[in-house]
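Below you will find one chain, with nothing else, as structure tokens; this is the form predicted on its own, and questions on how it binds or moves follow later.
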């Protein structure tokens, strides 16, 4: 792996996203990435390990949302990267918006422990959180605690809504990355949208350099308090989607 801050900055510059980063934040983001890839040699965090694939499918894919998140980051200060996996898009948010508090959340303790090492390598003070969304969403210490939540490759849309909405404050936003096939499910999620008191405020289409596949980022605003019956117990949202 020959990833460098210069290479990261060049990739961002080509798609017009370099202005969201400083030289220091690019360096920190690169250190985070290199540490994650080093850990990936013994712990399966990502399949994208070559420079080009890593830049495309993790860094750039995460960064395409920055223009839309920037105004939210000025107001919505506490963010969670739900099901963070290898730490993206959370790491990109930390690098681009140092003024917000980002929590990298995953249900697998080995992953969050690894990400703590990555955060330390980057010199970031962001937090990690280990737990199932269904349990955290019912825990009074974490329920309705975040201003914003990002989710990439976590679950189908109705299932993700039940995972994320109970963790969001009223007025907060869920930002969900989707493939073209996943986007088709959005129009079938009206029951979940109504039950969990939210609304889709924007769908943003984009494509990664060199790929023809259409991708989308969907923005959901939480309109009211989540009913006490949600989220349901572990496994129920995925087995019986709303």
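Not measured: the values here are computed from a predicted model. Numbering follows the first chain given and starts at 1.
Here the subject shifts to the form predicted in complex with a small molecule, a form of this protein not shown in this document.
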Next item on the list: Name the stretch, out of 137-145, 124-132, 95-103, 67-75, where some heavy atom lies within 4.5 Å of the small molecule in the predicted bound form.
Entry: 124-132
Next item on the list: Tell me whether 88, 153 and 163, taken together, all sit within 4.5 Å of the small molecule in the predicted bound form, counting heavy atoms only.
Entry: yes
Next item on the list: Spell out, yes or no, whether the shortest heavy atom distance between residue 120 and the small molecule in the predicted bound form is within 4.5 Å.
Entry: no
Note to self: Even though the partner isn't displayed, in the predicted bound form is residue 35 close enough to the small molecule, meaning a heavy atom within 4.5 Å?
What the structure shows: no
Notebook entry, point to check: Taking heavy atoms and a 4.5 Å cut-off, does residue 31 contact the small molecule in the predicted bound form?
Noted result: no
Check: Just to confirm, residue 170 within 4.5 Å of the small molecule in the predicted bound form by heavy atoms?
Finding: no
